[in-house]
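Before any questions on how it binds or moves, here is one chain, the form predicted on its own, in structure tokens.
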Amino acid sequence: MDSTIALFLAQDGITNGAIYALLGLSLVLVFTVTRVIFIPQGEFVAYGALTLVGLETGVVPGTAYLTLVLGIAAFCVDLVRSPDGRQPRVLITRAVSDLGLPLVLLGLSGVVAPANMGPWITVPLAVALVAPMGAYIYRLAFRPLAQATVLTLLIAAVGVHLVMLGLGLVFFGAEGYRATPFTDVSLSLGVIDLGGQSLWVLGVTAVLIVTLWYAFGHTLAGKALRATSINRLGATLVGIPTARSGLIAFILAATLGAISGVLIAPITTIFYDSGFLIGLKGFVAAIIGGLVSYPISAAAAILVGLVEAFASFEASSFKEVIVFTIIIPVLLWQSLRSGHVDEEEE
């Protein structure tokens, strides 16, 4: 391997690592706020990418109908479970968010898909179609289990992952797809040509990370999320609605997953089950960060991307094994440095 090849591999590794950073941050956010190890995070990546491809090819994606179905289900479940859900003001608010929003998105999909309006319209619409799923899935599958053990929440997450995986096969089929690049512009840095899509990935990732940093430190909702992640009981005692914090965390996770999907759709071929492996690599970064540290998880994601890129060159058949092996010494070190305590019975 010479220096030129190393630079090209480093470019690919950093680009992939930026995507893993977004997923790692999503996993850390969801876990610290809700104690859910969110296995289905990768499915939002695949849904976002394949939804974009559907809109580009003139087909109303199945995710548009799925969002409507999930919204109706969440509306009906809250109507039955919540005693105050039948109050007129609450009922109207929920009808708008659970029924009106999905119907509007479905209508927009029907207009945009045949018109081929370009990435400035299809990309935001693809993200908007997938993002509300996070809220609906939280309300249907995880909010009723808010007081359950971490193991129970993990089992529920695996169940949601399997359902979303099966629906992805139904909606998009077994074939792989690739979206049209956002731009053909490239940037030359010596012997390296940075593609326009790679620049989009790096730029959008940087903007999102800075935005999240500012939101967590300078906005009321962000501070509420931080308080809930640090001490859920204490946050409840001071009046922070922890259920709403969980809802926001899931919406952010779904949004970041969908954005990651539309960013990588023009770079690599995406299948209905591609998100699981991508999400696992984000999970490796989150594990290195102890599922609590955002900066360490982001830095670890870049490391994961670089290891994957160089492993694909030196031992392509074992690149996945090499990437996932990274977490073994990390888990051993964390196990040795932390005390072992039994989880209290609920």
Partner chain sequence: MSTPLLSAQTVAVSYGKIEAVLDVSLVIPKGRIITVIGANGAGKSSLLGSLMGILPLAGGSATFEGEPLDRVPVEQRVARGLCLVPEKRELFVTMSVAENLELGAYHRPRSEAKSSLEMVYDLFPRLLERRKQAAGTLSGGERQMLAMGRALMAKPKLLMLDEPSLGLAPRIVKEIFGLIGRLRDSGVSILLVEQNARGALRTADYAYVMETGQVTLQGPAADLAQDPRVIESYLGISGGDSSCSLPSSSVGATNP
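Positions refer to the first chain, counted from 1. Values in this document were obtained by computation on a predicted structure and should not be read as measured data.
If you look for the form predicted together with its partner chain, you will not find it shown, but the lines that follow are about it.
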Partner proximity in the predicted bound form: L220 to its partner chain, non-hydrogen atom cutoff 4.5 Å: yes
Its partner chain contact in the predicted bound form: I209, any heavy atom under 4.5 Å: no
Interface membership of T236, its partner chain in the predicted bound form, 4.5 Å heavy atom rule: yes
Residue contact check: A224 to its partner chain in the predicted bound form, 4.5 Å heavy atom: yes
Per-stretch contact check against its partner chain in the predicted bound form, the hit in 238 to 246, 93 to 101, 135 to 143, 257 to 265 (non-hydrogen atom, 4.5 angstroms): 238 to 246
Listed residue (I230, L187, V170, V80) with a non-hydrogen atom within 4.5 angstroms of its partner chain in the predicted bound form: I230
